[in-house]
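Coming up is one lone chain in structure tokens, specifically the form predicted on its own.
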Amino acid sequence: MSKYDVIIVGAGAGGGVAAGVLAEAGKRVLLIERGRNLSFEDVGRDHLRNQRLSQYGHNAGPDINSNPRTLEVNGDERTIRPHEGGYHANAACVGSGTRVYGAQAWRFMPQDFRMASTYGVPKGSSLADWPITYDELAPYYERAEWEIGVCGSHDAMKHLPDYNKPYPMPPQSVHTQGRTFRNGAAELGWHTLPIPLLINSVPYNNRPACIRCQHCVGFACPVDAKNGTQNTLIQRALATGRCDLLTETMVERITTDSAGRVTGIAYFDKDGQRIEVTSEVIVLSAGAVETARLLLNSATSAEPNGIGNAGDQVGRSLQGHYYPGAVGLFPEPVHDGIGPGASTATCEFNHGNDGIIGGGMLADEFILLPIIFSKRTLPPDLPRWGAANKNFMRENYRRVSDIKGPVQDIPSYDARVTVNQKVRDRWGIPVANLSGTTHPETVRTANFMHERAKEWVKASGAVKVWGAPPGLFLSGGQHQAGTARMGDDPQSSVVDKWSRVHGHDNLYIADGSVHVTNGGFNPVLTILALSFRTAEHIAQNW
């Protein structure tokens, strides 16, 4: 039985940061990842099977045949595989989503940490304040921006308090699509800003600048200019010689002693052998669904409902992001083939909307693969097949663009992760069961933002605008959060303000599951910042 100072389960955004910080602090670290360490060629350029369009398969894990989940909808349960709708998949590989994401690097706003105090708590929701403030997290946002690498314009972030330090790289140059939408926003009197990206706009950290290709989101970068934990903090961790990385390794449970104190983990290696390993500290970084699943599957006699679940909070308040938007047909081409595509955003409506709880960010979209354009972006009155469909695609692919963005999820206790004892994965571990929906206030906020998107597209010169407002469904997706939320009271939260599981001095969580609310922005920079903060706390106290 091996012994480490720290075991980290999950080599994604949070786990990768924790590994780098703790290994460089002198800790002996074991970093475990259920997926593979993928090369660029492994990820590939398959337009039909990728993390952006997974209907036919995907390119960054998890393995389709080994990792089922179950989904309950209106009392009916069905088993789903990772590439199928309703699974709410994160990538499973070294770097996880940071390997193939669009890399938008937003800080949450101060109000995002005080949603309940700002808006009250809607009936039936689990809306709550964070136990920390924006000011407490700001130094770690800055650290993530510099150590991972963000390009952007700090002076343009008018919706935030002044930065103490600019971004390390300037924003990407604007393209035709960006200029079109900036002009439209100016007509409306809306402030716009370049989207901050975890992408090199100039050479940085001994890696080249982005070549502006058309295969960014959903794919790996051909020149390694997209910044994730796989090419930053994990590499730094391995360089110390104090971090062991295990891939294709599935963690079965957290192990405890007779008193219920966490002692390590049990896992299955790539050959299927069950192994137990011990450590002083455990950090869970498996994503909001799999972290909750692991806590629930680690029940003990002292905690029969799962570790950290004394208040029945583990797995509850699952959040993601609704993405309302609008599509427009323009008289001239707006798509000039310069990637990654997303360039211009407005934060006019993240808060302060009369009668609306929260709001969201709106932005132009990444370059769409033709197959995704066909499946998701065509006008509703166009035939789905035949000559008219082909002609529209041929004539208008470069003349169509859209505006969309994430809105504040108003969390619900009933949106949750449990475990299904009747359905097991290839290792015999009970799978995650997903059920419930977001709160109806999320739908109302999303409908409000849908109307703002239509306004922007029209003002930008579109001759035809379409897109439907969203309905009520479970919001989890790749921005999943909230199943092990942070708080001071163990009866209403799972971890404390340092992301340490209540009742356990040596068990921490470093992923989006600790988010009390998920902001009206892509959450990865907040995951990175919180992981820097948590790992620093562990290094100083262990």
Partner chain sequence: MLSAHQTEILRAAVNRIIPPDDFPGGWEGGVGDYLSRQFKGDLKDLLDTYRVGLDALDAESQAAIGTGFALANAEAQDSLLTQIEHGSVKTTWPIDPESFFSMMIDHSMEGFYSDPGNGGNRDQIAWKMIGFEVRG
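Positions refer to the first chain, counted from 1. Everything quoted here is computed from the prediction, not taken from an experiment.
As for the form predicted in complex with its partner chain, it is not shown, yet the points below apply to it.
- Residue contact with its partner chain in the model of the complex: residue 389 places a heavy atom within 4.5 Å of it.
- Using a 4.5 angstroms limit between non-hydrogen atoms, residue 463 is distant from its partner chain in the model of the complex.
- In the model of the complex, its partner chain lies farther than 4.5 Å from every heavy atom of residue 185.
- For residue 165, no non-hydrogen atom is located within 4.5 Å of its partner chain in the model of the complex, even though that partner is not displayed.
- Looking at 69 to 77, 111 to 119, 208 to 216, 350 to 358, the stretch with residues near its partner chain in the model of the complex, meaning non-hydrogen atoms within 4.5 angstroms, turns out to be 208 to 216.
- Among 132, 174, 429, 371, the residue placing a heavy atom within 4.5 Å of its partner chain in the model of the complex is 371.
- A single residue from the set 504, 45, 36, 497 has any heavy atom within 4.5 angstroms of its partner chain in the model of the complex; that residue is 45.
- The three marked residues, 143, 146 and 344, fail to reach its partner chain in the model of the complex, with no heavy atom of any inside 4.5 Å.
- No residues of 66 to 101 lie near its partner chain in the model of the complex, the criterion being any heavy atom within 4.5 Å.
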